[in-house]
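Have a look below at one chain only, the form predicted alone, in structure tokens format.
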């Protein structure tokens, strides 16, 4: 989940609190222990952009030294159990029994501690009125096949707000991004979707219709503006009661929300599992995603359907049956070499399931966000093209460097990604070099050799390794130059974390 608080700075403050606890134990141990840990503990959180207040609620039961309870916020809930020793306690989640989920002390009638080792908590005693109500369970629908919507015959291309802006996205920023998509040449290169991620949501009206919040005063007008630029608008929700950032999601309102988005003119939905995990187990992924797929289909408006469930439940096997056009196969990407390589490697077992209309998604592009080198970003772009990934830029397209433009708008690399055959490359590793080969619709192949090592390395591409008896022509897609195979092979030096990307015709 993406809305975790940071807070390693709490340790200095906790030392002082520990001293207070020691004094409490020495001077008034009986009264401290008598108070106990059982009850409802509350820490108010930030106010969301829709006016709702986030809060942290821990409901504890105590039997001697044994503790059980539930930690809740608007967007998640965790069942916990653990022990108390005097005023100190440790609580564990079932899915991580060896590492405390929440630790702390009872100090002067307050809980002071750390959630997951990094988020500081100071919670006061509350009442039943402070508790977060339990959401009523809704049975998933019976399985059926949602008709193919006929969209995304090649991997979707566009831009998404989350990687750069997270919760700071608003109407004006989306408009200026749409303008920049046109003026920079991104639209003409194929990037047509402008996707708003989390934090656009308002609250539901008396009829249950979900409104946008003050950051997006008129979604229909925004969609009209984006469409006027020759672009398409995307939006974000999830099958749980709350989104990852704690805003209202589509649980129990699937058909209603789909109609709302269709009326606004939305062209793309990213549907993020998040708080649905508090209600359903992974065996319900397919019917739950099917419910929204059917709702989108019923509107009659073409909307690309992006399933964001992190690759759980073998989504690649059932994604098309629920109306999905693409599905996440990984956790959230970060702007780092290790994260990028880790995400693309997870595409290997899913390769056979990629094809026109249904794509494996290793998450959005980080190109241009400044935490990798240009060589690493060229590798990022090359690998996403080789595995037929959606290309959703996550940078500020209003202020791109020439290098970033050249990477994102390399038409020869984009052509590999957008190839109509829709085949996904698979890798072969040889030491620090990893070779990915992708068959293309015209009978040629794209081959990428990635240098995973810390030093430059010599790469040799052999025609026989590409399944070719001979080579008619070959082109280096980053140098934009033709190259020649001699004696059935081509050799080049690949920089550390760089890539050699060729298109080879038989």
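The model shown is predicted, which means the values in this text are computed figures rather than measured ones. Numbering follows the first chain given and starts at 1.
The form predicted together with ligand GLA exists for this protein as well; it is not shown, and the discussion that follows is about that form.
Participant: Does residue 236 reach ligand GLA in the predicted complex if we count a contact as any heavy atom within 4.5 Å?
Facilitator: Residue 236: yes, in contact with ligand GLA in the predicted complex.
Participant: Should residue 328 be classed as touching ligand GLA in the predicted complex when contacts are defined as heavy atoms within 4.5 Å?
Facilitator: Looking in the predicted complex, residue contacts with ligand GLA include residue 328, since a heavy atom lies within 4.5 Å.
Participant: Taking ligand GLA as it sits in the predicted complex, is residue 197 in contact with it (heavy atom to heavy atom, 4.5 Å or less)?
Facilitator: Although ligand GLA is absent here, residue 197 would touch it in the predicted complex, with heavy atoms inside 4.5 Å.
Participant: At 4.5 Å between heavy atoms, is residue 258 in contact with ligand GLA in the predicted complex?
Facilitator: Because no heavy atom of residue 258 falls inside 4.5 Å of ligand GLA in the predicted complex, the answer is no.
Participant: Among 110, 90, 335, 332, which has any heavy atom within 4.5 Å of ligand GLA in the predicted complex?
Facilitator: Only one listed residue qualifies here, and that residue is 332.
Participant: From the list 310, 318, 353, 280, which entry has a heavy atom within 4.5 Å of ligand GLA in the predicted complex?
Facilitator: After the contact test, the surviving option is 310.
Participant: Pick from 266-274, 182-190, 412-420, 124-132: which stretch has non-hydrogen atoms within 4.5 Å of ligand GLA in the predicted complex?
Facilitator: Of the options, only 266-274 has residues within 4.5 Å of the partner.
Participant: Output the sequence-ordered list of residues from 228-255 with at least one heavy atom within 4.5 Å of ligand GLA in the predicted complex.
Facilitator: Residues within 4.5 Å: 236, 244, 245.
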